[in-house]
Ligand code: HEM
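First, one chain by itself: the form predicted alone, in structure tokens.
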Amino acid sequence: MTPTTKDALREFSDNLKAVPRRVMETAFRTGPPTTDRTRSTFVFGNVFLHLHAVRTHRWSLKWTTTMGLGIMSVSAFLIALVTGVMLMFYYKPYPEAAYESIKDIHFVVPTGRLIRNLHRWSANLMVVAVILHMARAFYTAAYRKPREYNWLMGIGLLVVTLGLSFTGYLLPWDQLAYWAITIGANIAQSPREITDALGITDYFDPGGFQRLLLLGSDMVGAEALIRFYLLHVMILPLALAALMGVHFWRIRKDGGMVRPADADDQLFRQPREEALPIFTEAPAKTYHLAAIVRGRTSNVGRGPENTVPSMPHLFYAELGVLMVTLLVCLALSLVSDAPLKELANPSVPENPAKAPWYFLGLQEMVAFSAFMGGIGIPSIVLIGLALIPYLDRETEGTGRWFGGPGGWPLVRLSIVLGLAAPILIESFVIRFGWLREWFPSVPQLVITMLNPGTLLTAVYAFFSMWCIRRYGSTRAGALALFTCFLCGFLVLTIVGTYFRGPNWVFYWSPSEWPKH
């Protein structure tokens, strides 16, 4: 063997031994993030972390600023995504096998029950976290300039999140799922309330088109199952990922988390926590003219005072929220199984047939008018939410909880009215009935336009207009209306969940339900 050959073999051996180290060096080219500069480079050069700014304001890391609700929503989505992929290995999306495959996952596949429970609870937790995250953004006025467009992205995320949970509800193909989707299909068809009353359904039938688009057929069957499966595992997750990417990117480009104008002064008055690296109170700043552009970004005029590197401070906080979210999902999965009733049977209606809990408030209103309860009022609410940042152009209270004219006292009054109004209206309707019981021949258009749901919406709207005049502020009216709708959603959800029994009759408890 020639010396050249020996040298080549030795070099090959050394290179082989150095592979693990070289892999780490090529993957993390900046080395361990131990200095201010390498921490910034680590965030800026990472495909996942680069959506963060390299530095984070200390106000954004306070628990009371966000309560981690945005990261909790993402964490729940990631848990649902991973467990959903695992379930796909065993699930068969056609009626003859869907129910049996769910039973196999639940009773036969090792850890299948735990994975299914995790998937269910993470999906429910995601819905709760997204709603609370939107409420947090609203109450801190985080929708104001320059964040208007990101508020719209948040509304889109809420709609897609609800769509993901609803489409997954049909997949077990049991009685609970089948009749819940039947309710959804009837709501999609509800515009026929209007077209039938006007006598134009034969020529213009948007309700029938929506039902056909949703189910792919006139009935809930194989076509509906495959459509819901495709929406649930491909189309809606892709839409959610796209919206999340835009949402995160706009948070960074809009100047990070919203904070009060005097956030730096408030932090200066508070005891300073140790943070690495220690940043001086009066850093020496240099500026370089790179280009002349039209307008100014959200960071113009802001220095690095009271900021810390996103790595490790923000990154560790996000990991902490992820761990807490996983812990909550695991705890719930160990004490409560995902429901699974009998095989879907179109000839045996589920009574009461109930939608998922987050749609029970709508189902309560649908009981009086399918169109207004399922399409009309939700559309009004979504349009109203989308218009908020474009109608409220004020600046007072931005970044503060319940900031703006009225503040917490106004929110407190709105909570009282928001809870009292649906309770009183529901109590009256349960005790005395409504127009159809009083006047059996009343036209359907009157029932559609004048029902408990529209009455409740009108009460909230008039209260909001009163607040605008009382405080001379659009923000005050928005605070009142948003709080009222949240309270109404809560009351109607509780009524639909716990107090509606067979034939959607009111009962104080399931023990009073008729015995078969």
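Numbers follow the displayed sequence, beginning with 1. All values derive from a computational prediction rather than experimental measurement.
FYI, the form predicted together with the ligand isn't displayed, but the following is about it.
Segments offered: 444-452, 486-494, 63-71, 460-468. Contacting the ligand in the predicted bound form at heavy atom distances within 4.5 Å is 63-71. Proximity of Met126 to the ligand in the predicted bound form: non-hydrogen atoms within 4.5 Å are present. Using a 4.5 angstroms limit between non-hydrogen atoms, His133 touches the ligand in the predicted bound form. Contact check for Gly256: a heavy atom falls within 4.5 Å of the ligand in the predicted bound form. Residue contact check for Ile375: none of its heavy atoms lie within 4.5 Å of the ligand in the predicted bound form. Residue in contact with the ligand in the predicted bound form (any heavy atom within 4.5 Å), chosen from Ala263, Leu240, Leu214, Met311: Leu240. This chain lacks the partner; the member of Leu158, Leu360, Ile102, Ala180 within 4.5 angstroms of the ligand in the predicted bound form by a non-hydrogen atom is Leu158. In the predicted bound form, not one residue of 442-480 has a heavy atom within 4.5 Å of the ligand.
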